[in-house]
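The chain below stands alone, shown as structure tokens; this is the form predicted alone.
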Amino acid sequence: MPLDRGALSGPAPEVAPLLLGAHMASTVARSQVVVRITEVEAYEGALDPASHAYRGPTKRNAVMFSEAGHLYCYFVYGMHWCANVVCGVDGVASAVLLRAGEVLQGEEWVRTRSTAAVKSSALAGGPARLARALGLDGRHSGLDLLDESSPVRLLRLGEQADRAEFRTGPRVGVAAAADIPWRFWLPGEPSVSAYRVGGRKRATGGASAGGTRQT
């Protein structure tokens, strides 16, 4: 599918399947890494209790309210960065979490960033590993993924053949709105997450999510 900002301007649950099979490229720190996306999750702002933007805009989630096609990175549990593609219309928060992928190019660079010796199929398996594979952190949040001069870019969306047989189910580790089937993945891909229900509890007693939930 040709890369078009308009294709990303729909609600997150509609955009998410388009990102299955998409190619994300990074030239961060002079490395060249390309990852093919195999698993994603949709988050729908004010309509979604599991979204960072459920209670409105903050300094942290401001990028989610920007134009479709921007990169939103957030830090979770004081350890990991996670990457999202902003979608929807400008001024309304909506984003798709990139949960897993297959490293197509630059495996040698990815292994220098990995904290453990893992199989090639697991190098970008899980949202934290995917973001780390691409070298992403908070400095890259807000980048325009459709700008040819950006160091992080969506090179192409998924082809129809890539996502014709995609699966859907509940999001991984989410405590709020846990039954909504807004996780999308390509079957048979070894990088895709094993499903895990539930989440952590905040110190205040409110619900939080497991490892990667948006809050």
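Quick caveat: nothing in here was measured; it's all calculated off a predicted structure. Residue numbers here begin at 1 and follow the sequence given.
Keep in mind the form predicted together with the DNA is missing from the figure; the text below concerns it.
Not displayed here, the DNA is approached by Arg55 to within 4.5 Å at the level of heavy atoms in the predicted complex. Taking the partner from elsewhere, His80 is found to have a heavy atom lying within 4.5 Å of the DNA in the predicted complex.
In the predicted complex, Ala128 approaches the DNA with a heavy atom inside 4.5 Å.
By the criterion of a heavy atom within 4.5 Å, Ala50 is counted among the residues contacting the DNA in the predicted complex.
The partner is not drawn, yet in the predicted complex one stretch among 146-154, 171-179, 31-39, 184-192 has residues with heavy atoms inside 4.5 Å of the DNA: 171-179. Shown here without its partner, the chain carries Met64, Tyr74 and Arg99, all of which come within 4.5 Å of the DNA in the predicted complex through at least one heavy atom.
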